[in-house]
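Here we start with a single chain on its own, the form predicted alone, put down as structure tokens.
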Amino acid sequence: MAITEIPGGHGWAVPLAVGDAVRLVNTFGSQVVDTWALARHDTSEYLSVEHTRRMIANLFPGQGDIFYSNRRSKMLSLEKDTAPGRHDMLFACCDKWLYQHYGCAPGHRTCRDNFLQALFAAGFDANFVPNPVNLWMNIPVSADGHVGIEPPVSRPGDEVVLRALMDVLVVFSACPMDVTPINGPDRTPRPVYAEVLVQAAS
């Protein structure tokens, strides 16, 4: 499949059959990508960061880890991860209420809206937005439980490969955050690239 550009601040959804994978490239190295997965045959089952944290016994996913659903089904594996830093499973996606909190003008793009719009464009609908896996998002946790917000430590060209362990719909949002340094010190959303890797028939 051709490589798809996901513009900075926008979203994209892609169906994967079990065994297929999607490769996501952090082209400029500084872009955080909110990531969701829904079971294609029953979208009430979704990738749950709460259940995943419990199942992998870690706050942060790493290469080789499994992402679990709200029914503790295996949904995706983090098959490849070239970045030196962590991915976040603590923060909710940005939404209109967060930008209102920051004093932004109405209409600021949000990951929540990107999820809903990308899902609808792919022929699905939802009235609930799960908490995402925030790829490349640098949220350090101190020994006393304090949570920080730091620029990503990922580098241009770093990539992840997510392998489908069931038929899923994967949704990405190249986060539009331009208030905090989530997307780098210059606080500028940038495009990322995605490529579907279809499993060869045996």
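Worth saying up front: this structure is predicted, and the values here are computed from it rather than measured. Sequential numbering from 1, following the sequence displayed.
There is another form of the same protein, the form predicted in complex with a further copy of the same chain; it is not shown, and what comes next is about it.
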property	result
Candidate site Arg155, Val196 and Val198: all three near a further copy of the same chain in the predicted bound form by heavy atom within 4.5 Å	no
Partner proximity in the predicted bound form: Asn70 to a further copy of the same chain, non-hydrogen atom cutoff 4.5 Å	yes
Lys80 within 4.5 Å of a further copy of the same chain in the predicted bound form, heavy atoms	no
Close approach of Asn131 to a further copy of the same chain in the predicted bound form, 4.5 Å, heavy atom	yes
Distance check, Arg86 to a further copy of the same chain in the predicted bound form, heavy atom within 4.5 Å	yes
Residues in 15-52 with any heavy atom within 4.5 Å of a further copy of the same chain in the predicted bound form	Tyr46, Glu50, His51
